[in-house]
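Before any questions on how it binds or moves, here is one chain, the form predicted alone, in structure tokens.
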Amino acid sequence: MKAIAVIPGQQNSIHMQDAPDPAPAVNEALVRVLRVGLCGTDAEINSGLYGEAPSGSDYLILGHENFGVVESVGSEVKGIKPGDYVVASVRRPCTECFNCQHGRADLCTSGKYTERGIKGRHGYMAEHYTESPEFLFKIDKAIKDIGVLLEPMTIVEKGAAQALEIQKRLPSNPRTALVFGAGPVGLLAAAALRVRDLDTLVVSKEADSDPRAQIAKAMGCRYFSIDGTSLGQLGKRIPCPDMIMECTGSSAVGFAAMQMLAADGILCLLSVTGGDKTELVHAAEINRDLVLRNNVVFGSVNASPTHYKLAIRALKTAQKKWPGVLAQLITTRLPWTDFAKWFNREVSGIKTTLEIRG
């Protein structure tokens, strides 16, 4: 079969190559990949910043945001059948960590987990893959056009679920929320919050007329363009929210968000900041405000099976409330043979997918 792969650690090594056809075991399903979503992680791996090939392989098949259809199942497989649309989860548990052995590989403490298309296990930018049913999640036909958004939605759902669980410390529920960033994760975060009926404000650099802003508004969010407004001024121009989800990848925004929370508010950091840039912050002031306002700041990454199920429910609810709106996040559907156009930054927009099969 054909696959898109990199040589981990080698800059701009992405290429299409022949790979062995996967042979499913009796307890596995064979999945035909229909499309994969592209994100910053894929670009960073191709830049040589990280990425790890499976043991015994000198290459890593990329791709973690996936959507496919079951082609066949082994004799011992239950709950999945040929023709089912599925999304496979990304992380696989290690054999040492207590959390991994109890279904929470997303909270691995050993660091010895593997991740499809990222760390020690081939990904989904291939014509087929095999997988155990425990890592496959069925997608209703009603949301098959946005099924490829499930993996990033799981990240959002985990963050939101953890925030709401922590906020059970309060006698009241959060009512207002702010999302920093109107990229794919930011807009999915806005959807997750609106599905929960929170009054949601999206803050991003794009103009009010930008498609990102229009998607946010279509979901009932208010939108504020930070263009021309400093982070220091921002806190004076918008109300302090009960909950903030930071989705920009900017450390400066993360620290600014800490000072914008309402009393008893909570900040979820969903973006990973790279590089070696330093920020000048008022550490004493930030620390004082967090303490005196009873604020909480936490980070979140990856997701458990529970969050995949929550994300499926969120996508279904969003599709019903705002038909076709989340599909607008996918601004480019690129034939997978043209993958280099995205990695060479010849493609712009909100979200790009590689179309492997129609």
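All residue numbers are counted from 1 along the displayed sequence. No experiment lies behind these values; they were computed from the predicted model shown.
We do not show the form predicted together with a small molecule, though everything after this point is about it.
This chain lacks the partner; the member of A257, A182, I155, V148 within 4.5 angstroms of the small molecule in the predicted complex by a non-hydrogen atom is I155. Of the candidates H122, R212, R194, R91, R91 is the one whose heavy atoms come within 4.5 Å of the small molecule in the predicted complex; the others do not.
Within this chain, F298 is remote from the site of the small molecule in the predicted complex, having no heavy atom within 4.5 Å. Using a 4.5 angstroms threshold between heavy atoms, E115 counts as touching the small molecule in the predicted complex. Proximity of T41 to the small molecule in the predicted complex falls within the 4.5 Å heavy atom cutoff.
At least one heavy atom of H64 is located within 4.5 Å of the small molecule in the predicted complex. Listed stretches are 314-322, 53-61, 29-37, 298-306; the contact stretch with the small molecule in the predicted complex is 298-306, by a heavy atom cutoff of 4.5 Å.
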